[in-house]
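Encoded as structure tokens, the following chain is the form predicted alone, with no partner shown.
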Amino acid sequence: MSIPTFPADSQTSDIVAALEESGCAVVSGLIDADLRASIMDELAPAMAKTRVIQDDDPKQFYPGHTRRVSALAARSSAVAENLIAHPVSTSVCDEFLLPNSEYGYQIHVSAALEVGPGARGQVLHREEDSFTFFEEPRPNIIVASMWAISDFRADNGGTLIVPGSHKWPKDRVATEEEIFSAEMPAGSVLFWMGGLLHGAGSNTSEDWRYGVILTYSLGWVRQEENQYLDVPKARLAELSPEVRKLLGFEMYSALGFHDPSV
């Protein structure tokens, strides 16, 4: 089983079918070079302040020789206006998350990731590992996406994916033959189910690999990234109602009320 790949004009139903079967899919040609440049320019100040750990500790979840910046809705208009509510992403989330979350879903994590030369491969994990209440394989809780701002290759840290592992029991371990690198040109997006084993690949090249991860979760679970602290009120007012809702700033049924006078 390999990673299914689709052109930008593919039917959502075909992408959804691949995600159901393989737990992953690449859609190419969704964002152009100008948008990718805008994302990098807007995030450059924050990236420049991010400390790159040179002495890697294999016990740490995040490998050394990498940069990671979160709070993307606050830091990048290009991400907020073009990626968070991208119609392909929301169409996929509608199919997998709305059946378990009738009032909508939300951004779970937003981050820009640069994997540098010498970075080790990340331990394989599942986006839904925080939700230990549910036994594996879990119901659909998260849909994840990784936008390729630069080319993703096997030698520069392209995301490692284990197709089909979203259906596995907890104790099954992936063999080398079951692990694939998500190679995709800049402008593509990789989708994967929250129960799928994955991790950043090792970077044996001389290039930095740049990606933007946006994950979406059911509207009634706690978000991994605290958007309420990351997005200031002034910035929130600039965002579209659709993006504000996706960030979690609307009530989910009776959950999430607040006193606007405070």
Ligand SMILES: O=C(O)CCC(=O)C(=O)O
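Because the structure is predicted, anything quoted here is derived from the model rather than measured. From 1 onward, residues are counted along the sequence shown.
Missing here is the form predicted together with this ligand; even so, the following discussion is about that form.
This ligand is not drawn, but in the model of the complex it has no heavy atom within 4.5 Å of Ser76. Shown alone here, Ser165 lies farther than 4.5 Å from this ligand in the model of the complex, counting heavy atoms only.
Taking the partner from elsewhere, Glu128 is found to have every heavy atom lying beyond 4.5 Å of this ligand in the model of the complex.
Proximity of Tyr62 to this ligand in the model of the complex falls within the 4.5 Å heavy atom cutoff. In plain terms, the part of the chain that comes close to this ligand in the model of the complex, with a heavy atom within 4.5 Å, is 199 to 207 out of 199 to 207, 25 to 33, 52 to 60, 38 to 46. For the options Ala80, Val92, Ile149, Leu113, the residue carrying a heavy atom within 4.5 angstroms of this ligand in the model of the complex is Leu113. Of the residues Gln106, Asn140, Ser101, Gln122, just one reaches this ligand in the model of the complex with a heavy atom at 4.5 Å or closer; this is Gln122.
Contacts of stretch 67 to 81 with this ligand in the model of the complex, defined by any heavy atom lying within 4.5 Å, are made by Arg68 alone.
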